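Shown next as structure tokens: one chain only, the form predicted alone.
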Amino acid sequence: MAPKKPLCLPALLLPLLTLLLRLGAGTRSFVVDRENDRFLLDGAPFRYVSGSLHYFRVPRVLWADRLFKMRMSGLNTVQFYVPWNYHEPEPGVYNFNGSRDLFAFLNEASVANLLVILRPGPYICAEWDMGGLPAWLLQKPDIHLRTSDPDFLAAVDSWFKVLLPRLYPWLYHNGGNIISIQVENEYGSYRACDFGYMRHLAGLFRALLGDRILLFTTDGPEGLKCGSLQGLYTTVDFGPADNMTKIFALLRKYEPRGPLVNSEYYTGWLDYWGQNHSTRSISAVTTGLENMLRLGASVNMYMFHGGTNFGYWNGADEKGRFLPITTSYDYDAPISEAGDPTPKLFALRNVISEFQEIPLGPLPPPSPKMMLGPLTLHLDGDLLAFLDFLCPQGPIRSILPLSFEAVKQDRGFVLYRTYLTYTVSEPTQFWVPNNGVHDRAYVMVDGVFQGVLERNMKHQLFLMGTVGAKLDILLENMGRLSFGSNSSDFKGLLEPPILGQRVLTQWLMFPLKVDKLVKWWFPLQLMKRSHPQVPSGPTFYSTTFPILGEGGDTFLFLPGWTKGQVWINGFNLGRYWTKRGPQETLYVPRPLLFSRGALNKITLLELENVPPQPQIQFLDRPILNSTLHKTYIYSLSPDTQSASEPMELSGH
């Protein structure tokens, strides 16, 4: 068992910790020994065996547990990203509190005796919304991301002048635990290939961090040409199925001497809604790791613990069609989404033990799990009934619809409303040209749900209505593109909709504050509204329930529900899409729940259709690989890839 520690370090002890770090900083160094193809830590040969963990995907109260398990697995280093959009929600507004306190995470890594490889971006991919870049950058529609565009560089410079000086005391030679820092991320996979941009970043990092910290780049083998830069140490990433000998030989063309490094060795893979759950076999992962360690390479395993895309933070890919990433980021990693050791972990630990000493003692057992239910949810009312609470400042008016970015709504939902100026007595085609729905539109006429339009997938509905009828379109941002050569991914209605032959104009746009409604206003027991006879379309449901005893981690199962968002005790647990899969349950960490009989509240925003019995259950194990609905997509052409086909994607 890990020694019990206080949940937070009292403020009075922080200066003492800083002083102790300083006292030990004098002779500390982490450098490349090119002559002998190795790293040196404090002058002694060193090889890191590292794992990726993202503090922004794990509740803060669980950081210490996950890091301790990584150390007990034989790792000596943890690698993690810093998502810019998580810390600067508005230009010049910074948040390093609570779950965003990455310095507390650095301290927890130090307590766990783990060194740190830091990847601050500015772009990180990570299957995170917009690859970590803040959506407010797109308020300048012509901005060129990840280039020498002055507007982009000005924003990057401003952010790094806040972040990097705060990291400076944590550099290894200053007494901290950060041994190296990555510049950008897999830049060779981006279309721009702007070496001026990379040189600017390298100069900025040096100016703010000094010349003693090791700076490096990471790219897939195909990206080394545009991603590497003289003066930055070049590393590569690849998985168990790739040809290690060939890739390391290619790396040597860019970094002739020094240690071989695989900065992202894939232990698993990500999942997309509508496709099968991804897995990587234990034997393939362990064999690949063993082969690299025999070569003397340093390795970081991506991911070692994946965690969860809580809230609206998931990213997306575009490979023939728009592919949003699931809420679960379990990744088939050695430590499961619920923080449990898996057979893959024990197999990797055995491999690591052949090459270096691992800590004595057993790994902690799986956490206690809880089953509960079924529970019946009660109808709170349709979303439109709460519009005054969801958008208290009132709508924004425009002749043509505006994007999320134009109305300064980074994520979540915007309601678009207009009124028919003529009667449509026969079913008439309703569509948005140029694939202009980003990403899903829930269409209602006079409050009656008509159906869904979906980016790349379903492009039209047929509507009727009388003159003056109210046309509402709830637009859902399903996550911005996060990898590779993606262009700026604007959200909302990007073109004016067309009904029959007429372009619809005179729009009202309501940026919705759904999280605030759930967290602050629903508990006030809002006056009950009139309910539709057969609820359909965007509708709120909720119930309360006690947990007797201590409870445990659990997995929310929503049988028969279609698609929507879930909150537990005001915390945004993430998206569910039971109808499409493969993920059928949502991970509920035990710290989110009140135990010993206190009442917990669960709220659902179901966006499409409610089951005949609006019930939920809490299970003691996840369901991440349900493929019953794997072909539930709207195929537009023979070229559209079926949902069950494997996708070959690279990069994080």
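All residue numbers are counted from 1 along the displayed sequence. Just so it is clear, the structure is predicted and the values come from calculations on it, not from any experiment.
Separately, the form predicted in complex with a small molecule exists; it is not shown, and the next lines address it.
Visitor: Using a 4.5 Å cut on heavy atoms, which of Asn185, Asn262, Thr267, Thr327 is close to the small molecule in the predicted complex?
Guide: Contact check passes for Asn185.
Visitor: State the residue from Ile335, Leu75, Val437, Ile124 whose non-hydrogen atoms include one within 4.5 Å of the small molecule in the predicted complex.
Guide: Of the listed residues, the single hit is Ile124.
Visitor: Where does the small molecule sit in the predicted complex: which of 348-356, 99-107, 170-178, 316-324, heavy atoms within 4.5 Å?
Guide: Careful reading of the contacts points to 316-324.
Visitor: Within 4.5 Å of the small molecule in the predicted complex - does that hold for a heavy atom of every one of Tyr81, Tyr272 and Tyr331?
Guide: All three within 4.5 Å in the predicted complex.
Visitor: Can you tell me if Phe555 lies within 4.5 angstroms of the small molecule in the predicted complex, counting non-hydrogen atoms only?
Guide: No, Phe555 sits far enough from the small molecule in the predicted complex that none of its heavy atoms falls within 4.5 Å.
Visitor: Against the small molecule in the predicted complex, would Phe483 count as a contact residue? Criterion: heavy atoms within 4.5 Å.
Guide: Phe483 belongs to the contact set for the small molecule.
Visitor: Would you please decide whether Tyr302 lies within 4.5 angstroms of the small molecule in the predicted complex, comparing each non-hydrogen atom pair?
Guide: Output for Tyr302 is yes: heavy atoms within 4.5 Å of the small molecule.
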